[in-house]
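The data below hold one chain only, encoded as structure tokens and taken in the form predicted alone.
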């Protein structure tokens, strides 16, 4: 039986794809030339020059004025992403703070705002309105730098799907329409953002994306990412993609039970990992006021601080060894409060991994346990998610 011919690719669709290809190539390189782009993407130099000219006209690329002669032929003018125009707005809402970033197409933070607040003392609507106020202030500062948001990314605690926080035990949220509440509050403050696209995800997923896209992982693309805050969030990245599970809730390692007879958790279970390795649990066990105080006490060798960190490390290692046996990642990345505490946490975590991981690949000297990069967090991942949309379809986000 004869099959109907496949539809031919629409010329405008092909050009749209190629504009994305060229913009993404320049973005990944940071600085490059037309000739280098052509060699990288496999298009002719005239075709690349035409695409570059359009991206220059749209204000998405700029010429730096420098020339580069690393290849045969005449030196080429250096291209780089524009540091004005479309930007990503990233908003992280956590139990005790809100952080907002505006990141330009070069991947540079242009505005950052953090307010430390106990969000457990307010309603979900009030917390999201508070986040919108901080975001509006950041966008006002960004506008002075000739940046306009292409979209907003919300990094939220708990189980997130379809724009809704299904459950966030540490905040007491259930079925909160976070995207809608945030968008409405932001539009009230800045009417020009009424049609701004808003996307949301679990904050640990956003932090893992930040590490993947702008961290210091090199070629590593399969890893577990833990974020230590009041709770403990987790994300699984496999071959450069988030492993989401059937309902989008994969990675909730903070509620993995490490002691069935342990203390009651806000989720309703007992002995969850965050009851031992979360920020509140760590500080209480050590008698410390905050994480810097805990690090200071540990640095001076205070027994209660060292014991609390060793106990937390053992519980982290116990939970992680099960996850490593199940998922076989290349590395485990610890973010949030953990990088600051790695000197005292890591030995106990590594010891548990070495003992419990059946493959034998996780010996203490393999460096598979590593701290998250200093520049990556959930707010950066949320902003980067917006920028990836711009890079995927530049015509949809080009300045009008």
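Take the two forms, superpose them, and find the largest set of C-alpha atoms that agree within 1.5 Å; that set is the rigid core. Since this is a predicted model, take the numbers as computed values, not measurements. Numbering follows the first chain given and starts at 1.
The same protein also has a form predicted together with another copy of the chain, omitted here; what follows describes it.
**Q** Okay, which stretch from 370 to 378, 27 to 35, 337 to 345, 352 to 360 lines another copy of the chain in the model of the complex, with non-hydrogen atoms inside 4.5 Å?
**A** Within 4.5 Å of the partner lies stretch 352 to 360.
**Q** Counting only non-hydrogen atoms and a 4.5 angstroms cut-off, does residue 329 reach another copy of the chain in the model of the complex?
**A** Yes.
**Q** Indicate whether another copy of the chain has at least one heavy atom within 4.5 Å of a heavy atom of residue 240 in the model of the complex.
**A** No, residue 240 stays farther than 4.5 Å from another copy of the chain in the model of the complex.
**Q** For residue 322, is any heavy atom within 4.5 Å of another copy of the chain in the model of the complex, or not?
**A** Residue 322: contacts another copy of the chain in the model of the complex.
**Q** Is residue 257 close enough to another copy of the chain in the model of the complex to count, meaning some heavy atom within 4.5 Å?
**A** Taking the distances in the model of the complex, the answer for residue 257 is yes, it comes within 4.5 Å of another copy of the chain.
**Q** To verify the annotation, which of these, 192, 245, 172, 287, has a non-hydrogen atom within 4.5 Å of another copy of the chain in the model of the complex?
**A** When another copy of the chain is considered in the model of the complex, the option within 4.5 Å is 245.
**Q** Exactly one of 295, 148, 138, 159 has a non-hydrogen atom within 4.5 Å of another copy of the chain in the model of the complex; which residue is it?
**A** Spelling it out, the residue with a heavy atom inside the cut-off is 159.
**Q** Hey, which residues along 41 to 56 are within 4.5 angstroms of another copy of the chain in the model of the complex, non-hydrogen atoms only?
**A** Those in contact are 42, 44.
**Q** Answer yes if the CA of residue 42 moves 2 Å or more between this form and the one not shown after aligning the rigid core, and no otherwise.
**A** Where the cores coincide, residue 42 shows only a C-alpha shift between this form and the one not shown that is less than 2 Å.
**Q** For a quick test of reading the superposition: does residue 362 move by 2 Å or more at the CA between this form and the one not shown, rigid core aligned?
**A** Yes; that C-alpha moves by at least 2 Å between this form and the one not shown.
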